[in-house]
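Quick setup: the structure tokens below cover two forms of a single protein chain, split into structure 1 and structure 2.
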Structure 1
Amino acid sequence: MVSLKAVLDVISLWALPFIILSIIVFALIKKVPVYETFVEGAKDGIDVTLKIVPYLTAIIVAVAMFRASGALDMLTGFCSGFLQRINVPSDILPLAIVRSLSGSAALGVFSEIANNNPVDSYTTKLAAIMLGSSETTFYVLAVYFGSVGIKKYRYAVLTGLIADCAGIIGAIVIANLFFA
């Protein structure tokens, strides 16, 4: 496993240098004026960033309010009985909910789980798998659709949430197979 990780670490390290070098060298061969072209393309970057702000503010504020209100703790309270019956520690629930909403919050919840449970416990490993296999769905929605001014998301939210649920259920099943 360590060797697989070592190989992937090297690939991760070289991926960006390789892409950027290839693009510039290829352009030089094709006699593209690289500097002028770079500046021409780059100036759109600020515009795009500004376009994202309203969408980001909308979702980040709503999520921050929701967490501050204590609603999350109440939800955890309601569901813990049911979760224990299917052999899922109740500590996991806040993580399962928060991971779709806020990346930094999910990291915080995970650190808490890792510190409050024995590091090699089933709970910590399940949490690790759940967090490692997730992406902050609502952040991705806000940034990607916000950048082009899409306001009607159609089925994108539903698709993202279904994939999140699949990830949660998958994490529980796999963690049971590997670590229970």
Structure 2
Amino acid sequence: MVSLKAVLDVISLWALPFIILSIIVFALIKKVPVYETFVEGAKDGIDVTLKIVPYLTAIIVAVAMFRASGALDMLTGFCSGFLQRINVPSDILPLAIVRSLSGSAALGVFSEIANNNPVDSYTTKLAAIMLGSSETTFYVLAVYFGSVGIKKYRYAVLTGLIADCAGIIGAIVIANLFFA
């Protein structure tokens, strides 16, 4: 009998080539100039990249300044008493703050947490759940809104931050239910 893992391995190996081949075949059936369309899309991608570089640079600099200034460590120390009462290790606060700003910075903070704690620890599990249950709100706003030229996104920021808070609270609740 074939195991489920073997079936999933075969599916994951062939999924992307199948999708690409299906797109090409469908385009040929519809008589779409495949190569020319691909090149046009690549040109548009370069234009979008050039538009969003200033926004991405601003985010990267802001995250680096926040961490290098010591403000993140000071905030962690200030909130540690409250965090202990709700069963959240103080190592998690930098991840909760940085996650809204930058995915790579959040991944770096998560890597520090995973390196400083055992893999099966509550702290590492909570950090993993939190990393997967929230979004990089400011990165998304910079990339997607910046690429189409939207300048007024006040409500999008508020909605994104509320969703991030809900994800963080949900991660804490789930981790406490399953791992505390």
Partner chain sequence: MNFIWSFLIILSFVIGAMNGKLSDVVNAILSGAETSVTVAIGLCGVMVFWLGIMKIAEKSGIAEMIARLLKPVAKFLFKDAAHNENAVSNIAMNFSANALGLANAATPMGIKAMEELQKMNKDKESASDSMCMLLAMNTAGFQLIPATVIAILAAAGCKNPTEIIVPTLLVTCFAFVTAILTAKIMQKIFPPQKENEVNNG
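Counting starts at 1 with the first residue of structure 1 and goes up one by one along its sequence. Whichever C-alpha set is largest while still superposing within 1.5 Å between the two forms counts as the rigid core. Source: prediction; values computed, not measured.
The form predicted alone appears here as structure 2. After superposing the rigid core, the Cα of residue 37 is displaced by 2 Å or more between the two structures. A movement of the C-alpha atom of residue 113 falling short of 2 angstroms is seen between the two structures when the two forms are aligned on their rigid core.
The rigid-core alignment places the CA of residue 26 2 Å or more apart between the two structures. Once the core of the two forms is superposed, the Cα of residue 46 has moved 2.8 Å between the two structures.
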